[in-house]
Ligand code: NAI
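Single chain ahead, by itself, as structure tokens, in the form predicted on its own.
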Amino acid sequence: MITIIGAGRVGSAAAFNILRYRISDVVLIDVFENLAKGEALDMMQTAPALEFDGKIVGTSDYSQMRDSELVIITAGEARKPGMTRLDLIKKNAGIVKSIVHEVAKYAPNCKIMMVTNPVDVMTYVAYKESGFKRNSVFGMGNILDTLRFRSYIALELKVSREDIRALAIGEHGDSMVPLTEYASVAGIPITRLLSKEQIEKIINMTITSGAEVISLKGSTVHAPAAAIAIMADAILRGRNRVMGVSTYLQGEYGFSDVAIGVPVVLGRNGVEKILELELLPETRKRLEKSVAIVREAISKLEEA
């Protein structure tokens, strides 16, 4: 069973994807109980059309998450036009701390997936507050960045998105690091197909695309909800997918006591393995800058 805490647009869309792809039953929890119940009822009535039998329960009762294998936390204030993800840090840290205590109480054996922004800082908070093993606490961010990266590569080359393979690491934010040296089209490195100017344009579009969606429609919904479902599928079905995930580092890539996006194998136990890649000097500098930004945000939070 999967519990999603936060029945807003992203949480509800993620719940719907998890149900329609038959990944798991879902408990949808929100402090606004009628919102959670209404979303659950709406999804249940969709089941005959899409032919899924998964169960969905909407509630404000945290005890309903008992026996959950995965708890996904989307609750918190959403980013508004003109805001960075880091602007949300203090307010959302308080929300996440209180939720994580409930998770540890009712679902001590689960994995925690953080979605609340800024996701790397909130992953750090969730890990420290939960007392869980580090493989069991991780954040969604880089898989969404990767989906955007792949989309823009495909658009630039006018090829199918299905043939694009890529990764993004670092902060889920303006200092993210799309790994151009590991991006390919059907096995062909993009460095052989695109100019440096084209690649830099793609990187910039990838970094700014979330803010662009927010400025146009107020929030991102479908892409993050899809990313959540991809991660949930990897965990619940033990598929050992390789993807960028925010995780607490203990020496990997030369960093410790920070949560940041790195390539991992994601499976039944959460982060099954952290993959340490050889990075180009320029990429390494970008990652160091990204880690410094997250560290600074964490330090400000701890000082507050």
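For clarity, every value in this text was computed on a predicted model and none was experimentally measured. So that there is no doubt, residue numbering starts at 1 and follows the sequence shown.
A second form of this protein, the form predicted in complex with the named molecule, is not displayed here; the remarks below concern that form.
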Listed range touching the named molecule, judged in the model of the complex by heavy atoms within 4.5 Å, from 149-157, 136-144, 189-197, 163-171: 136-144
Non-hydrogen atom contact Arg20 with the named molecule in the model of the complex at 4.5 angstroms: no
Partner proximity in the model of the complex: Pro224 to the named molecule, non-hydrogen atom cutoff 4.5 Å: yes
Partner contact for Leu279 in the model of the complex: the named molecule, 4.5 angstroms, heavy atom: no
Contact label in the model of the complex: Ile99 to the named molecule, heavy atom within 4.5 Å: yes
In the model of the complex, the residue from Ser130, Thr180, Thr206, Asn92 that sits within 4.5 Å of the named molecule by heavy atoms: Asn92
Contact check for Tyr253, Pro263 and Leu275 against the named molecule in the model of the complex, heavy atom at 4.5 Å: no
Interface residues of 1-27 toward the named molecule, as seen in the model of the complex [heavy atoms, 4.5 Å]: Ile5, Gly6, Ala7, Gly8, Arg9, Val10, Gly11
